[in-house]
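In structure tokens, one chain follows: the form predicted alone.
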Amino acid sequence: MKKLKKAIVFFLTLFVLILFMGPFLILIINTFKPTAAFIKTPFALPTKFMLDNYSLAIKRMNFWVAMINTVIITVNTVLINMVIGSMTGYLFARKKWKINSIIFGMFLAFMVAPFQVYMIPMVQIYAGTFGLSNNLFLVIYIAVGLNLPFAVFLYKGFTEGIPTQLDEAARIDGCSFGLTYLRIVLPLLKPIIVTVTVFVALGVWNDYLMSSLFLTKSQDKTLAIAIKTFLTNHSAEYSPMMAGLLLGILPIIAFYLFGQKYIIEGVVAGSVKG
């Protein structure tokens, strides 16, 4: 009976693995084929491995400029989100003021509302009234605002799991509220910091909708927008586009694999008491 259960679990796991990894493997295979071969036999192995699609993708996408823009937006968003989110979560966890409960409830409400609800007013205000189109700092500012409620939610829950006795001991030693956060609490937030960083970085790196609303010039485009260069009204160059997609997602996949061991721990700890 135990062997049967193990066999069932094994085959179910294998099925799920194929289900999720299949499209990614097909993507990789077709980066080495011309577009005509992809359209004709998308699931077949290439008869001859060619790297022309990668060189074409780098050239047509203005890849390195788009990569730098994406890195600037992602890194700055993650850093600002980490600083403000962790400080706010610590404040909410330790100061049980009524106003904090109200503000935290507003953060939760913002998490429910999708970006599409208020994207038109944002475009009219920032791009229209203030003329801030093609500004990376504007995209960073908006990305921080969109991801901050989720970050505060997790930071608050995780901080509530840290014993308050540590804060009391720090105050006895003469630490202020801010120094207690910096010297005592912040080092203990490493798991949740990595968790939030991974989630925020994934979302910002792969974002298309928000960036496409504010970044229209070629020198300001991110990788998600630059991919569209292979799509026109009358044709699509699928193989170079898939090569560009693969080049664009490899850095964030590596980053995700680096921080994956902290994700489950951080999410569980951050949501149980949040």
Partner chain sequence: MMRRDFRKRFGDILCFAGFGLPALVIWISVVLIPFIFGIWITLTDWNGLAMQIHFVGFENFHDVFSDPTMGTSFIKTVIYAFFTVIASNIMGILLALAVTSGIKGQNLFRIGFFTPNIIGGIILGYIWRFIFLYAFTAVGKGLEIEWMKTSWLTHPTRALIALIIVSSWQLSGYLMVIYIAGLTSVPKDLIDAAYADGASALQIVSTVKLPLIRNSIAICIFLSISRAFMSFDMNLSLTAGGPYKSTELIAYKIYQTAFTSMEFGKGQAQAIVFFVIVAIISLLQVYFTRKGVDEQ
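Note that the coordinates shown come from a computational prediction; the quantities given were computed from them, not determined experimentally. Positions refer to the first chain, counted from 1.
Keep in mind the form predicted together with the partner chain is missing from the figure; the text below concerns it.
Novice: Under a 4.5 Å heavy atom criterion, is residue 38 part of the interface with the partner chain in the model of the complex?
Specialist: The answer is yes: residue 38 has a heavy atom within 4.5 Å of the partner chain.
Novice: Taking any heavy atom pair closer than or equal to 4.5 Å as contact, tell me whether residue 228 reaches the partner chain in the model of the complex.
Specialist: Looking in the model of the complex, residue contacts with the partner chain include residue 228, since a heavy atom lies within 4.5 Å.
Novice: Would residue 191 count as a contact of the partner chain in the model of the complex, using a 4.5 angstroms cut-off between non-hydrogen atoms?
Specialist: Contact with the partner chain, no.
Novice: Is there a heavy atom of residue 75 no more than 4.5 Å from a heavy atom of the partner chain in the model of the complex?
Specialist: Looking in the model of the complex, residue contacts with the partner chain do not include residue 75, since no heavy atom lies within 4.5 Å.
Novice: Quick check on this chain: which one of 127, 184, 162, 87 has a heavy atom within 4.5 Å of the partner chain in the model of the complex?
Specialist: Only one listed residue qualifies here, and that residue is 87.
Novice: Counting only heavy atoms, which residues in 96-131 are within 4.5 Å of the partner chain in the model of the complex?
Specialist: 97, 99, 100, 103, 106, 107, 110, 112, 113, 114, 116, 117, 118, 119, 120, 121, 122, 123, 124, 125, 126, in sequence order.
Novice: In the model of the complex, the Cα separation between residue 236 and residue 222 changes by 3 Å or more relative to the shown form; did it shrink or grow?
Specialist: The answer is farther, because the C-alphas of residue 236 and residue 222 separate from each other in the model of the complex by 3 Å or more.
Novice: If the C-alpha spacing of residue 222 and residue 233 moves by 3 Å or more in the model of the complex, is that a move closer or farther apart?
Specialist: Between the C-alphas of residue 233 and residue 222, the gap narrows in the model of the complex (3 Å or more compared with this form).
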